[in-house]
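Before any questions on how it binds or moves, here is one chain, the form predicted alone, in structure tokens.
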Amino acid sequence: MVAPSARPSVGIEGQPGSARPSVGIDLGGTRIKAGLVVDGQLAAERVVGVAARDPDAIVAQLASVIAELTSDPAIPVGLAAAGVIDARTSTVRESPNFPSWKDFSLGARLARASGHRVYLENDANAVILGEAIYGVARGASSVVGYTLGTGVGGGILLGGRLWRGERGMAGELGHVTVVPDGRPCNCGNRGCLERYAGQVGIAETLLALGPPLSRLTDPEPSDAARRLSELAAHGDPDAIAIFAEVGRFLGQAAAAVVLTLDVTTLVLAGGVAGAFDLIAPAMQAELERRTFRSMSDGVRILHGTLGAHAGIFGAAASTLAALPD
């Protein structure tokens, strides 16, 4: 069942402290987006460029941003970053945005510099947790979500807790194979979901098709998916067909998740999810084709409502989520 987009009230049923003030920081490769979240609302926001790449400079800049948002050391800070994140020790094992960071204790360093308690979380995990606490999946105790951005990330919430796996690496849903021996992926595999459903993957699809659609990748390939969605909105049949294909790949990947975990709430977030109305019906149909009807019945595919602030709200949400025992 493809559910309509609607911004729900804030908080998650049975989740104590969901209205507690917190700072959320989305650390990207070029920008830092941060906000003070109070009663589920963005009370203050700061967006700054990453000033320098070395760890000391990043920590100092993050501490400065926190100080601009609050002077109360009792307010916790959630920090979302891309890469392999060990949330238990607040350590960045490796990061695509900062390749030199290896086993970097970012959370502890920032806690010392800022005087706040800091919770470090993988960015995709944070976004999906944010949608469960503040967004479209509020009230669902188990959620699987896909973040459709440059690539495809994922987050898994089971019984109200993020499932990080035994080594903190669970949720790499973008690297599920959907095309055997398909396009090569940076992870070393071939045919990964993100090579077809992320911004880079969609640009590759357009280039493979040639003109006129390949012209959408010029001058900036990362913007091709947005331009393609504009074409689709005006009824272009080729653009509509490409997003339907994206939906089928997502449905194929989601079928394995539903068969494995029996979850009934799926969330699509990120820039490519702006074409939700074009993607979700094909995703739903593929999911139904590849699972027992008794399992696909009742599965909701939801469009994330946190939008451009998903990273901030997701990071803030990480301060509310207890780590697994």
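What you see is a predicted model; the values in this text were computed from it and never measured. Position 1 is the first residue in the sequence shown; the rest follow in order.
Same protein, other form: the form predicted in complex with a further copy of the same chain, not shown, and the subject of what follows.
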Does the 4.5 Å heavy atom contact test between residue 237 and a further copy of the same chain in the predicted bound form come out positive? no
Is the gap between residue 64 and a further copy of the same chain in the predicted bound form 4.5 Å or less for some heavy atom pair? no
So in the predicted bound form, does residue 150 come within 4.5 Å of a further copy of the same chain, heavy atom to heavy atom? no
Quick one: does residue 190 come within 4.5 Å of a further copy of the same chain in the predicted bound form, counting heavy atoms only? yes
Within 4.5 angstroms, counting heavy atoms, which one of the listed stretches 257-265, 56-64, 277-285, 28-36 is next to a further copy of the same chain in the predicted bound form? 257-265
Heavy atom within 4.5 Å of a further copy of the same chain in the predicted bound form, from candidates 169, 233, 241, 207, belongs to 169
Under a 4.5 angstroms heavy atom criterion, identify the one residue in 105, 97, 214, 177 near a further copy of the same chain in the predicted bound form. 177
Counting only heavy atoms, which residues in 141-174 are within 4.5 Å of a further copy of the same chain in the predicted bound form? 142, 156, 158, 159, 163, 164, 165, 166, 167, 168, 169, 170, 171, 172, 173
